[in-house]
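In the structure tokens that follow, a single protein chain appears in two forms: structure 1, then structure 2.
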Structure 1
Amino acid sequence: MASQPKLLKMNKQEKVDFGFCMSILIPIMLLFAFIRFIPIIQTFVISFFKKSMIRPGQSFIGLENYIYVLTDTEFIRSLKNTFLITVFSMSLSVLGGLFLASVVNSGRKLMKLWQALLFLPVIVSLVPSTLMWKMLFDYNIGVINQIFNVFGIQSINWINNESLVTVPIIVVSVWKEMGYNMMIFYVGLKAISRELYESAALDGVNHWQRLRYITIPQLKPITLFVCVMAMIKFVKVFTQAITMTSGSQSSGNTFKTLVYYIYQQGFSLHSMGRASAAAMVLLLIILLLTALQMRLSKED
């Protein structure tokens, strides 16, 4: 005799609880689909059309938008800039977050206070915090250049040099996200059984061996999550770049990233088709990088 569905086997209270959960989950999932999946589908469709933001009408042009984007020198330049920022920012923020989490987890005095202070940049608005770092890196009045001058090093024009402005942008990005990574790693460290460390101590295992053979393997799922989230955030970097390289202190040459390229195509050049094609390329890059990280994690 075929087994009955689990829903029919529920008692009255379980059915009430199940209905209550569904009444909460279904509206949330519908809202998520409305604000996430539907815009993605619309963007994908628009990417095959010649569509202006300021003129009515549209015409189907197939893959022309993708061909234009992938052969555009400005897109290649934006891709290189984004790749550079993503690699360094992700590496430094993940390693820095793990280090800070291990320090906070040491149980020393005032660690809770330091934990709150280190998490503070995460909740600070990105625009004013970027402006603060921009002042620190300023050629004339910046504290960083003044420190260099004390040691006999000439001031460096960080903001108006495209090859150097990546440094303050990476610094802002790492400073902003490292506290978040610290908290995630801190939760992971707390979940590791103390018995593993006690057994290792009895066997005479030193600090670096405990880190290599106990801490890092136990944190593998957490590390994968942190790396994927950091990669997605830094691939979409926009505010730091545009805030750091625009305004009276800058030359006016905005440091271009992939998101800025999409913004420029859509809102400056009014080409929604090309902007949509660039957005779909960015989505594909994020999906491929995420799949690659998960694949490498499974192989390890």
Structure 2
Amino acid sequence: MASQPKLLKMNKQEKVDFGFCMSILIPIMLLFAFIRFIPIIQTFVISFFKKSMIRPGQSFIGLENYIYVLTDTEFIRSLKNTFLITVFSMSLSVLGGLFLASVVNSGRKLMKLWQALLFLPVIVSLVPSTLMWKMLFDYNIGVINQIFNVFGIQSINWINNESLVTVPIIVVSVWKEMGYNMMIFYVGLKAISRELYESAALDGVNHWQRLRYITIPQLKPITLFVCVMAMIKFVKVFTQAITMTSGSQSSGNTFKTLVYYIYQQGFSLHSMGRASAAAMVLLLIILLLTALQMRLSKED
């Protein structure tokens, strides 16, 4: 309504431009409505209904789905698993990425080549990555158990045990994320002015002091940012978990994560209401992390 007078005041060129913009934006916004806005709102609404994926009909049940989900031991376990993976994968991949970036940034010979090779896992998709590591962690023929055997440690059945399978899942996640974090830190390190280092060199500062008093403080904002980005990614962990525990060896052992729980409630148990309530929990966590990230980037 408010735009009506403005539209009338437009000259001919402005009207043509407006028509052009709308002819592009209206189809795009419609598509967004159907594949983003409406499903997002529906998730919120359905989380208050008892609604089946396969049978028609629905009934309003208030907070019952939330109560069911939040008191479900399976859900609590999936939250715990997700938390474990997020914390370990984030800290290891951020530390590793920071370390690799600082070595790559030293400008030694062949560093460009090593950097490209270190980046490779980022472009490898998750399923092949997980399957590769699954083979390395195999009970019978896996390289990792064989290395353990050399040191006199008995073979460990990594995949078959619900708590042990966390290890290969974290390893895959770190393996895939480290190169990505390396690139972001690398860009950040490049941005630190050379003059800072040069004047420090004149003062006879050693490597450790340089790291402690220049690099780390200068990189603090970007480090916080990378941590939150990694957390947002790992809270959604699913592919690694389902691939690592599917098929042989796992003997029905499933490693539930938050997204796995949503998937199972929705597509195996056909309960749209419970799946939506769990999805709202995921959404809430991600939005909190995003708000944190925005606050951090405003402080810069």
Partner chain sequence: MSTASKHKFTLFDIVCLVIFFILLIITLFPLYFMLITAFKTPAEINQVPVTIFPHEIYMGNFSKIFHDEFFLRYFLNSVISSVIITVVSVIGSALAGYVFAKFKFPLKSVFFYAILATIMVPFESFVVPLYTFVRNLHGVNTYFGLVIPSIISSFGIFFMKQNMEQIPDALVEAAKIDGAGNWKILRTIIMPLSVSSLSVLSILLFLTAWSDYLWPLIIATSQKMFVLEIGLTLLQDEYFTDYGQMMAGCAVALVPALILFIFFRRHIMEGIAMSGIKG
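Since we're looking at a predicted model, the values are computed, not measured. Rigid core: the largest C-alpha set superposing within 1.5 Å between the two forms. Each residue is numbered by where it sits in the sequence of structure 1, with counting from 1.
**Student:** When you get a sec, tell me if the form predicted alone is 1 or 2.
**Tutor:** It is the first structure (the form predicted alone) rather than the second.
**Student:** Can you give me the rotation of the smaller rigid part relative to the larger one between the two structures, rounded to whole degrees?
**Tutor:** So the smaller part swings through 16 degrees relative to the larger one.
**Student:** In Å, how large is the CA movement of Ile38 between the two structures relative to the superposed rigid core?
**Tutor:** That residue's C-alpha is offset by 3.6 Å.
**Student:** Could you check how much the CA of Asp17 shifts between the two structures after a rigid core fit, in angstrom?
**Tutor:** Its C-alpha moves by 11.1 Å once the cores are overlaid.
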